[in-house]
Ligand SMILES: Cc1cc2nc3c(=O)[nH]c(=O)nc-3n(C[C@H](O)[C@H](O)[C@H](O)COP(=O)(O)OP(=O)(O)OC[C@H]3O[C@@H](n4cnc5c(N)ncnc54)[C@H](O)[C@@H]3O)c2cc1C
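Taking the form predicted alone, here's one chain by itself in structure tokens.
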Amino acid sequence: MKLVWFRNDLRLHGHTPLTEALATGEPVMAVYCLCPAQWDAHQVAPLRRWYVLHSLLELGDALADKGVDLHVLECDDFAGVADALTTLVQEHGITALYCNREYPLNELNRDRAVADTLRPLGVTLNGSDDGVLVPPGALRTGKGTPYTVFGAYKRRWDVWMEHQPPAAPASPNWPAGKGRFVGRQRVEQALAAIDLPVRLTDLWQPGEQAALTQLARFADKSLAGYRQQRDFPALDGTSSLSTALSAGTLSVAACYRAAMQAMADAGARDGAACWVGELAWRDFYRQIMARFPRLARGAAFRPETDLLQWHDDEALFQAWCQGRTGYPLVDAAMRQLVATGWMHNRLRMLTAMFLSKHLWIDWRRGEAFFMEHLMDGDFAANNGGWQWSASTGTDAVPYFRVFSPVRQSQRFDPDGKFIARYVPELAHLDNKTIHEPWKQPLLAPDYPPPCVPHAGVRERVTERFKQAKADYDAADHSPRTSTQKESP
């Protein structure tokens, strides 16, 4: 008996572990480990849990229709996974385990514990990398080190993809008959424990079939204009596939193939190429997470920035969380996040930079707040984006980049339509005043003035980063002997 372990890859299409297990010709069963305490410990958004659990229900039914049993195990947290899988392996005579690799530190430690437990039982372990287009560690600099600047990484990534594009997935060798969904009740009970308003869940459609439909719609209707429209939050110019990719109801290879097909049309070529660049960013942050596990412990990528002395102003933090900073586009973005469980990518950069540079509040607080609300919450992408915005991460231009909230608003929401949608107290203002309502305070009496001025922010940020770098350079960074055992 072969066992396929589903994690953040809740689909049948383009699922290498499933296809390989079925290709052996031996009986195959599947498993999913439900770890609610792990979700609690990492503040996973309720809406994301809802999406994953509904997608899991669809997956279980789809597998049963294809003749494969899906067992859902209650493991509480990652620490209980190895024992739960061991029991399943022994009960069913499992000889081989198939799964897709995951790269954050907790997932790596979980998988090491599973491997250490199952190998002595004679179970062979088979890992695949369907979660990325280029596996972490495949691309290295001339010195043999990981790429830490996206531009250089992307050039090598393009060469790799040109020579090793993902092939169309093979058709699985499905068994005859019907399978069983063992543990459906556990999933339904977990869903019942999630209290979400219908107005929120009605915005989204979980599952593999919905993801495939959305990809086809995007490729047909919006991909050609992606480069021109992707930065304007009032437009439906992005793919809205980030949740499907993060939960694995859609494969990244399917996205890449759709973009390549679109490039056959000269009119869609530019937009498709731009979108492929976003898929490269996704791979880039995953290889960063895999190669620098300290990031999973809350460390900054640039160690000198851990010396920055952040402000701990709770009133300013709550103003940011609630969308009451006095900067209309920042506030509209934060209200969009809380109201929908999603935020436009341009606005993720703006709000993250505003918190970390205008308010000088530790980026980790914002990173956690996003994970508490984002339906597409993905640790590698969220951490990478926050550290890029805060200039503590893999940005080739470290601390000089400071977005002006007003300029961003005027440039990317020129008519104020997005602002009006989420900040209704400003909806009556003209398309000039709506970006700077403090200049006409009598016209918007219910809207707060700016909580901090924009003037001088770049200079203050630059001074603080320079001081942190000087302090770091002056400190002793020589290796020290430690009795603490590091994770392999």
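Quick note: we count residues from 1 along the sequence shown, nothing fancier. Computed from a predicted structure; not experimentally measured.
Unshown form predicted in complex with this ligand; subsequent notes refer to it.
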| property | result |
| --- | --- |
| Heavy atom distance at most 4.5 Å to this ligand in the predicted bound form, all of 285, 344 and 381 | yes |
| Location of this ligand contact in the predicted bound form, chosen stretch of 158-166, 174-182, 110-118, 372-380 [non-hydrogen atom, 4.5 Å] | 372-380 |
| 4.5 Å heavy atom contact, residue 335 to this ligand in the predicted bound form | no |
| 4.5 Å heavy atom contact, residue 404 to this ligand in the predicted bound form | no |
| Distance check, residue 408 to this ligand in the predicted bound form, heavy atom within 4.5 Å | no |
| Contact test in the predicted bound form: residue 102 vs this ligand, heavy atoms, 4.5 Å | no |
| Heavy atom within 4.5 Å of this ligand in the predicted bound form - residue from 238, 128, 86, 148 | 238 |
| Contact residue in the predicted bound form, from 348, 257, 364, 302 (heavy atom within 4.5 Å of this ligand) | 348 |
| Stretch 247-282: residues contacting this ligand in the predicted bound form, 4.5 Å heavy atom cut-off | 275, 278, 279, 281, 282 |
